[in-house]
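Heads up, the chain below is alone and in the form predicted on its own; it's given as structure tokens.
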């Protein structure tokens, strides 16, 4: 006889099971008892909603009832009956309860009270059992599914790009090294440098910072591809916006120019956020209330003008405003916060790298809709971006959202061999190490484009969580690789 004949709580709440005998399994959230009956709130992870178990002490023995404590895992069989109380249409009248796993109330850290997010990060192995994190990770799943569904339905192919690589796409140099050499006694060259010829790959390697370059190679054969995988940055940043390990979504498309790229990115973002709005209603309603409560604790000038659900609809219901970097600099330079020196970073001249405060001003105050900024100065962008005819800018785009600023960065890629090699030389990127990348310009080059979306940034935006460490199950940050 199969052990798992259970009905999920989500199914119980969506259909009429009254009168049926069922088996439930889950974790105890709370228990309250009087002389005549015990009420247990059960959660099995399928939904944010708990389900009420009614345990009659004449049917369930006292010893078992004693062992039903917050955090314990139990199996209940019984009949679904119409609920007497408010809040739920039905409940289960238990005919038998089996304790699958006890939780000592003296030691179990998640007792029914409000816990700080900092405390929950320290017990990340248990934090998914809270309403907040259960909701976050169900939404994260829905968004991941929506990403694959969107690209699959459009005829894109999913490519797995290497996690171990010898290239640093961004040229930032902040990579995690991969080696099997004896760190206490590495083989050395005559000049004292490490001899990587003796290493596993016979060269210096690192964990990938992006799958984009390999994605471009695939797009030169399969036309429309996307990657969705882990990426790593050894940036020593202890902020609410940085992780050392995170997931990137990177589509690359042959036969696309800068405008096609913008169209795809806008459509893609509206689709995945719309998917979450449609399929995660209960979780998002809870997270919306949570975000509103959190806003109450902030100073008036730091509060968001929109609630979480308002922000999500703001993105799905508005056409994105498209403006050039040059036009944005003019708007910012003449803006009140700039003139009154309210910006932390004042905008004085063309060429400045925009900060989150500038991006949010454009979205939330000036245009009151999501913004696609295009044609950035080439000096602040990567070598592979297509140079515009003005000689000063590249066909780059960033998409800016309320509350967070930049969420997507992309560009038309430079397909002209002479322009690309010239830019690589200017930025001291060795051509001989990138021979394979340059081959796609030598043989059958075509206009192509792509963009990157940090998946955790998207999950943060959709869930309203203020810290990026709270949208990935086990965050990797400086000084922290627990669990």
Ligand code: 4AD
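Residue numbers count along the first chain shown, from 1. Predicted model only: the values in this text are computed from it and were never measured.
One more form of this protein should be noted, the form predicted in complex with the ligand, which is absent from this view; the next part is about it.
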{"property": "Proximity to the ligand in the predicted complex, single hit among 90, 210, 262, 393 (heavy atom within 4.5 Å)", "result": "210"}
{"property": "Interface residue in the predicted complex among 408, 220, 280, 72, criterion: non-hydrogen atom within 4.5 angstroms of the ligand", "result": "408"}
{"property": "is_contact(residue 452, the ligand) in the predicted complex, heavy atom dist at most 4.5 Å", "result": "yes"}
{"property": "Residue 246, heavy atom within 4.5 angstroms of the ligand in the predicted complex", "result": "yes"}
{"property": "Partner proximity in the predicted complex: residue 386 to the ligand, non-hydrogen atom cutoff 4.5 Å", "result": "no"}
{"property": "Close approach of residue 423 to the ligand in the predicted complex, 4.5 Å, heavy atom", "result": "no"}
{"property": "Heavy atom contact within 4.5 Å of the ligand in the predicted complex, the stretch among 43-51, 453-461, 435-443, 415-423", "result": "453-461"}
{"property": "Any residue of 216-243 that, in the predicted complex, places a heavy atom within 4.5 Å of the ligand", "result": "233, 235, 241, 242, 243"}
